[in-house]
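To begin, one chain is listed below as structure tokens, in the form predicted alone.
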């Protein structure tokens, strides 16, 4: 039975990795340690996960836990440090997305992987959703022919979207902004569907909804004078998880989980658009809105034989539909509609399927869903290049960001 140790003790670490490893997967894999810079949070995770050992330092966990592999689910800007240290200790690594937040850190990871001979796997759960996997199958089966262009629109509502502006994600230096932290999922999906590599892009971004756009605001929701009138009020005491893992942990590191979404120091964008040119000439137009009235995504794929359209709404009028639909339009004027049953479980059942392939191996990888470090690099580099494009007001070539030649 393979042994795993976990760095990071937040929401994703707990629900995607720690609890499943000590519950549904306890007969196939063993969680032998957890480390987080906030010891209170790590201890809370341990209490919910059969008393998994808590380590006082990452180095101590590497040396004493007996882990065969390290899972990295810490805050994004620290991923490179833990990944590289684990690789140099002779261990393979499973990294939560994004693999890291910029090209300098990305190149360092790729160099360490090549130098040590150990490998990094990136957990892109969006590839495992049966809906997105069916789109991949239809493309491979040639229903749209050679792909000429893709348009993807992603909408975050003012519940989910706003939450990124309360937390550490609100700083570019910690998350890479939503174009890295969130869009890495979307860019990876497109890279995976196309089986092409991004070459060059141009991007625009602005912050006009969140940030200092209103006078009635405070430092954090817990102590704000405008709780009763603010539609973005977040009660950190309402759920046990937020109370135990964040409010009670504040004394250890001073981190507030409920910071005001209208603060002056927020420097990430809430409205973004990116145009990407791919290696076989395919063009992508992509947009991300973090303040939509509803949440979901829409994609259109245009090819030499026709067009594929798909969409999914998570919150809003159409969110309770029992089926997902894919529409195919050919050049004979025909329309084909494919209906797929929605699966239960987190992220449309994709987290469960990813874990089965990753930790058990009883789900065959016939579509290439398990992602390596190159897939992790190319998805985050689109976001990083987009940030550079916005800041410098220019087109950016992906190749100029890759100083390490990775096969």
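Positions refer to the first chain, counted from 1. Bear in mind the structure is a predicted one, so any value in this text is a computation, not a measurement.
One more form of this protein exists, namely the form predicted together with a small molecule; it is left out here, but the text below deals with it.
- For the candidate spot formed by 125, 168 and 181, every residue has a non-hydrogen atom within 4.5 angstroms of the small molecule in the predicted complex.
- A heavy atom within 4.5 Å of the small molecule in the predicted complex is found for exactly one of 202, 291, 207, 185: 185.
- 96 is the sole member of 157, 96, 309, 92 with a non-hydrogen atom lying within 4.5 angstroms of the small molecule in the predicted complex.
- Contact annotation for residue 110: none of its heavy atoms lies within 4.5 Å of the small molecule in the predicted complex.
- By the criterion of a heavy atom within 4.5 Å, residue 102 is excluded from the residues contacting the small molecule in the predicted complex.
- Among residues of the shown chain, residue 12 is one whose heavy atoms approach the small molecule to within 4.5 Å in the predicted complex.
- Although the partner is absent here, residue 129 sits far enough away that none of its heavy atoms falls within 4.5 Å of the small molecule in the predicted complex.
- You can rule out all but one of 245-253, 262-270, 191-199, 131-139: in the predicted complex, only 245-253 has residues with a heavy atom within 4.5 Å of the small molecule.
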